[in-house]
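Single chain ahead, by itself, as structure tokens, in the form predicted alone.
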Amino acid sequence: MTKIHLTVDGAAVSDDVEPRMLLVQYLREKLGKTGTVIGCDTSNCGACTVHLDGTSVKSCNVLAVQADGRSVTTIEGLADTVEGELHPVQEAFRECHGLQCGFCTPGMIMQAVDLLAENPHPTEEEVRLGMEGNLCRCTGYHNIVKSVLHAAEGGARA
């Protein structure tokens, strides 16, 4: 077992973990952050996307011990729970129907937040390129792209 210390959604946490435990498993199994979805376990689908020190990563491709001393933000950490408000990108996905079954939605939103932090006013093509590592089997991507562009118009920030 290895002791890790990190910040998850603004809260400091410390745990003993197996060195081979994936970050996605740690978030879900140890911390109950089930909004981080296990999809493919091969880093192909992006459903498990979280922010590690402010940059989106596929948490099935990161060991929990690699997050030691770092900051992780999950989909649960985006909304302002004190004020009861969704993050602007979450709100844009709601307004523009950027989800269908919802399985890919947390990863899509986390990737979109990172994309907009890097490029606050992307073109449709830039959104499609920036989101290409996240797969959706329901929506055909039209409303996902529309949601990201709508968030950009409203000045969504990470």
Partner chain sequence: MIPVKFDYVAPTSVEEALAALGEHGDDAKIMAGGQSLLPVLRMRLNAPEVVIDLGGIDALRGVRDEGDAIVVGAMTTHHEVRDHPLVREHALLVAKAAADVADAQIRHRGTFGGALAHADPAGDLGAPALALGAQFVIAGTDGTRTVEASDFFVGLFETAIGDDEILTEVRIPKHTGWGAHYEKFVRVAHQWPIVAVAATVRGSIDEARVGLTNMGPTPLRARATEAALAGVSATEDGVRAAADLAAEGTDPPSDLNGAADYRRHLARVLTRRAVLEAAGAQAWS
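As the structure is a prediction and not an experimental result, all values here were calculated from the model. Residue numbers count along the first chain shown, from 1.
From this point on, the text means the form predicted in complex with its partner chain, which you will not see here.
S.K.: Its partner chain is absent from this chain, but in the model of the complex, do Glu76, Cys96 and Glu153 each have a non-hydrogen atom within 4.5 Å of it?
M.R.: Negative, none of the three is within 4.5 Å.
S.K.: Decide whether Glu118 counts as a contact residue for its partner chain in the model of the complex under a heavy atom distance cut-off of 4.5 Å.
M.R.: Yes, Glu118 lies within 4.5 Å of its partner chain in the model of the complex.
S.K.: Please check if Asp16 has a heavy atom lying within 4.5 Å of any heavy atom of its partner chain in the model of the complex.
M.R.: No, Asp16 is distant from the partner.
S.K.: Using 4.5 Å between non-hydrogen atoms, is Gln111 touching its partner chain in the model of the complex?
M.R.: Within the cut-off, so yes.
S.K.: Can you check whether Val145 is within 4.5 Å of its partner chain in the model of the complex, heavy atom basis?
M.R.: Contact check for Val145: no, nothing within 4.5 Å of its partner chain in the model of the complex.
S.K.: Note that its partner chain is not shown here; using its position in the model of the complex, name the residues of 110 to 136 with a heavy atom within 4.5 Å of it, in sequence order.
M.R.: Contacts from 110 to 136: Gln111, Asp114, Glu118, Gly130, Glu132, Gly133, Asn134, Leu135.
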